[in-house]
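Only one chain is given next, in structure tokens, and it is the form predicted alone.
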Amino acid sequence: MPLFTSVLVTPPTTEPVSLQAYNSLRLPAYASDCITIAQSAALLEVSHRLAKRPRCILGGGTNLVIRASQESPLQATVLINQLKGIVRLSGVVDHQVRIRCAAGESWQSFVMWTLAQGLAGLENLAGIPGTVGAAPIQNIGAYGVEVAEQIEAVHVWDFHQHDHAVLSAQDCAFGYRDSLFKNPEIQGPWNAPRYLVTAVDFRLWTDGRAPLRLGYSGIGQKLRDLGIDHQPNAYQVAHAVMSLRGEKLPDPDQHPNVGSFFKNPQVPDAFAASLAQKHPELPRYPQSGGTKLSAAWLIEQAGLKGWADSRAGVSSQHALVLVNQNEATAEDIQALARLVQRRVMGQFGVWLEPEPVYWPAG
């Protein structure tokens, strides 16, 4: 595999580069230039060459809406992160081990690797698409677990300092579907990001000592459905989670999507109580500083689950998922998202915030 490829080290290309294979919505999107990062040794040269040029970082594109046609491509160099490798950093200490995984590895492949090694902690996050490098950026979460709980450190390339750096979990300022990497005051704008994630250090449990999380969203019942009526192991929990995801979420290979398109909104307690008086069945989850509501429930009650036009639609399996029905463009997806937001706002007075990032921003 080449160290990297780039129009910056060869004569400029005359045709835009297609990014359709690099975004899970499979939107027809293009960029003026593209670099594949396959070895971290390439980063110093790339960093200096792009110091004053627009750039953006792309992993699996599973949380991204790209608005750039062939006629009007992104005026930025897209860095495709394909750094690979998994290393065990320590032996067992207090029933835990430390694992470092390169950012370009598939998240699902990494989770399955940990389970094959008899390690636990990521089983509730099985089946989530994307790369390992995207996991801390989004602080991915599912079935009562956030990845931040198992992260010890995040390794990055700093484009400001032109050097590698290590951020502790505390440095990353993890929150609900949030992190330092999504803070524009630190990370910068979409086309001038400061940090590129190169690897993530995880602290995982030896399987027999793992505090398995079984009480969320049907995991226990699914285990029983699978004939597991004893104390399960981490692999069995992962199997149950993947089975649940398969039932509830459309396959992105068959119905291109970015997973949950909207965040679960958090509203003041008094407002949530007022809504619950009008809608007693409203799911509510008390949080520090407010009450979290189910965005999926709000969308479904607004009558949009399964709604579709000829190009884009709301999944009939899960109301949070917007799908590319038939050669949808970014404009089609954005128009559908706005329809959902307006409908929910009009019926419940709650504005839904999208989860995916838009390129260009705004």
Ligand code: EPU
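Note that this is a predicted model, so its numbers are computed, not measured. Residue numbers run from 1 along the displayed sequence.
There is also a form predicted together with this ligand; it is not shown, and the following applies to it.
The partner is absent here, but in the predicted bound form a heavy atom of 142, alone among 151, 210, 223, 142, sits within 4.5 Å of this ligand. Shown without its partner, this chain lists 98, 84, 245, 160 as candidates; in the predicted bound form, only 245 has a non-hydrogen atom within 4.5 angstroms of this ligand. Picking from 231 to 239, 288 to 296, 194 to 202, 267 to 275 the stretch near this ligand in the predicted bound form, with a 4.5 Å limit on heavy atoms, gives 288 to 296.
Proximity of residue 76 to this ligand in the predicted bound form: non-hydrogen atoms within 4.5 Å are absent; the residue sits far from the partner. When this ligand is considered in the predicted bound form, residue 252 lies well away from it, no heavy atom lying within 4.5 Å. By the criterion of a heavy atom within 4.5 Å, residue 334 is excluded from the residues contacting this ligand in the predicted bound form. In the predicted bound form, this ligand lies within 4.5 Å of some heavy atom of residue 258. No member of the trio 15, 33 and 67 reaches this ligand in the predicted bound form with any non-hydrogen atom inside 4.5 Å. For the stretch 261 to 283, the set of residues having any non-hydrogen atom within 4.5 angstroms of this ligand in the predicted bound form comprises 262, 263, 264, 283, in sequence order.
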